[in-house]
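As structure tokens, the next two blocks hold two forms of the same chain, structure 1 and structure 2.
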Structure 1
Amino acid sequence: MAKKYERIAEALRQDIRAGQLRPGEKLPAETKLAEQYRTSVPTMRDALRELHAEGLIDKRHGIGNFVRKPRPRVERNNERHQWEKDRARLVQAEREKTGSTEHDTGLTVSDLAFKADFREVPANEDLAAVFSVPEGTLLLERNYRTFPREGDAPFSLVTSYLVREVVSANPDLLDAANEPWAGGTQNQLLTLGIELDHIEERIMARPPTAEEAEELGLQKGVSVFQLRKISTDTTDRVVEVSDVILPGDRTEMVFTTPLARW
């Protein structure tokens, strides 16, 4: 015999998929549900936990359980990097002509930085290795919180690192008040005479920390993408390292790899 909580979960799944329970709709209280399904509250909660892990329901403490509205997935395409690079110079060219209308144009098509927070930190072992600098080298750490335009939940947590020494040639870059910066990071690097050659991204999936779950409005059990983006310039020097946390249930990452012709 199937486990009781699984049978209950399956019954609720059917109701949801069949449209008996519609997106946004509130489920009966857990005590009521336990009664309906002739079981105890803890067992009922086991069933609900299953649905929750699958992303079918949202749990809201003190309010209730709700059938989840399918959240729009956001696509993150690696073509954005070339796009950003092209744009970095465009913006620069226009600046020379027109002045500064740049403030409207955000960083990237679907990102809009609302909060930027800068500080200086010494490189730990990990970062020192990636940058190929001695441990303890001063880095500029920049924290961003970005939101989708629609005023939904915040969408990604970004921590970016630059070598302080390298950046100091342009003092504007040290001030968080200048964010969001028209033309994005690649334009910032351009002001330092740095051109990027390639970008490497390493992706892992893991459960969110309590902090991340809080900030991203995630529920326990939903996994996050952890992405480390490493930007290397044309002299083969690592110039930026960026750690990004993305909600696994709302993000779709797309990478296109071109192949050399035979």
Structure 2
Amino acid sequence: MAKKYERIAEALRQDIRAGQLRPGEKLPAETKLAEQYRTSVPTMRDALRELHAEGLIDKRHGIGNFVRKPRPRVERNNERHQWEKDRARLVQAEREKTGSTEHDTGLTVSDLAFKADFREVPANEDLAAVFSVPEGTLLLERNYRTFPREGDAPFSLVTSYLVREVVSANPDLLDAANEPWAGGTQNQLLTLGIELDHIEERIMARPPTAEEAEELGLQKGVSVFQLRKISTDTTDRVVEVSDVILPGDRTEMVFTTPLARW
């Protein structure tokens, strides 16, 4: 049987989901809520604590409790890769108008803020095996974070790897100051004469690390999707590997697979 604070939390949860309590709206004082639900203030606080843990409300010390504004949702589908490939050969002015994050979120370039950090690292056993290069081969590691301009957490944590020797043919690709690159990785590879043939994505769900939970602003109990994207060119060579961590509370994976007709 549900405890009293759990029943109260569920009632408030339904009001939030039904829009009766709107994003940004301040809740009545805890004493008023306790009177409304005919309970004690400590029990009311337990109910509010549960909603806070779920990310439905924010507590502002000395001010009160507010319905949390939902973070933008991301829809990631397997059609995005062909969209990126088609976009890679457009003129720069067209490529600059939009990017993959805008494609996935429905936001515009002006809605977003972007950070990039590059460093050179030796390939560990795992990455060496994927790239089919000797362990210790120098890689360019690229860390990307894209934020909603008025948000407090990135949409995902992206770490991309390229073989340094391959990338060095275009020195502009070694400089994080050139990011965000219009046309993304597929256009970057195009400047090296590389065309992608296929992309494989492997996805699993797991609990976040403490660092991931903090950076993504995850509430307790929210899992992440761990996605590895492997890009292979038309000569059957792996040319890029990306490890992407996606928050489970605001990411939807959508896969549409056309089927041959009988």
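We call the rigid core the largest set of C-alpha positions that still match within 1.5 Å between the two forms. FYI, numbering is relative to structure 1, first residue = 1. Since this is a predicted model, take the numbers as computed values, not measurements.
Asker: 1 or 2: which is the form predicted in complex with the DNA?
Answerer: Number 1 is right.
Asker: Need one number: degrees of rotation of the smaller rigid part relative to the larger between structures 1 and 2.
Answerer: The rotation of the smaller rigid part against the larger one between structures 1 and 2 is 29 degrees.
Asker: Quick one: how many Å does the C-alpha of residue 22 shift between structures 1 and 2 once the rigid core is superposed?
Answerer: Displacement of the C-alpha, rigid core superposed: 7.4 Å.
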